[in-house]
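Just one chain is shown here, as structure tokens, and it is the form predicted on its own.
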């Protein structure tokens, strides 16, 4: 019964000082919202990148000439394919197709008879559609490509121009959904080769796996020793490069946030240092009723806990809706940049709860540190002098 009355007093105190608490809640929610939304974006992107890269081949070999990537002779592919320690080598046909000066899509040629293509197609196509890739001029397109085609009055097909001036009409088979598929076009390899202007004895690059990770360095040295115009990329290096970029951007944003957080702590300390006469009378009455300083402080601190809980809950809900429903307008430019938006469609709802708990803990400690001293001073004041 006493506990019930105690918690009723917490609510009474909270609503009696609601105007003061409302300002604190609004500032707290805004600060937590910005940090939580930023971490949601960063964690979501890194999770999607890891998932995407883990599904890719271990290595990609590209030919470099004059500082640019150029087509690779099939003899390079055959040499790499026959190297001991390498498995599932694939002579890829891949390249950008510019619809106009402002928009391009990445065309990837696939062969349903190749093991790597089969793994991809099994997840997104039924047998009938997979068969169409063998016999017809069809393509699978990302959401961004579909939007572009519809905007330019192409509903179920598009007429591609080859480098030889030939027009090839290709039917849309299905739309692709997922991270990194926004501006992707999948089509039969021979069709992609014709549109991109590759010769029958050429590859865009070679993707391959090395099952024994301890052999990665040896394979790298061996392949680069075969051809001095070959550049190798492994997925661990790519993941590290992406992580460094996002960690740098997140760290820069976090440094700005910490400056704002310190300013917020000073604001809290200033606000709670000037305790209103109404609050002082409340505390004095509790003391005259026989409450100890510890019990008065406990009452006020639980009132602070209620403010923290409301602020954090509001910030979490708003950040979740902002990032995963609205797709983080404006804020996503910090991490992705305008150029990368072409290959990006939406954020995957991934949440690192350990990071979320760390945010809550840091914010709570800062809040208590800023408010405990003013409340303690009010609690130890002589009740008779206050009244």
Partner chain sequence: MKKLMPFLLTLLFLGAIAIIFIALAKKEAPITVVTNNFEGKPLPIKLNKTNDTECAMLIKTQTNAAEVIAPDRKTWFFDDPGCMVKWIQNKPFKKKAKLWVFTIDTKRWIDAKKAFYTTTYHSAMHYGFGAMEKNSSKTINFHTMVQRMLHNQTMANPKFRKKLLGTSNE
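Positions refer to the first chain, counted from 1. Quick caveat, the model's predicted, so the values are computed rather than measured.
From this point on, the text means the form predicted together with its partner chain, which you will not see here.
Undergrad: May I ask you to choose, among 143, 79, 174, 193, the residue with a heavy atom within 4.5 Å of its partner chain in the predicted complex?
TA: The option sitting close enough to the partner is 79.
Undergrad: Sort through 162, 221, 212, 75 and report the residue having a heavy atom within 4.5 Å of its partner chain in the predicted complex.
TA: Only one option qualifies, and that one is 221.
Undergrad: If contact means a heavy atom within 4.5 Å, which one of 94-102, 149-157, 310-318, 222-230 is the stretch that engages its partner chain in the predicted complex?
TA: Every other range fails; the passing one is 222-230.
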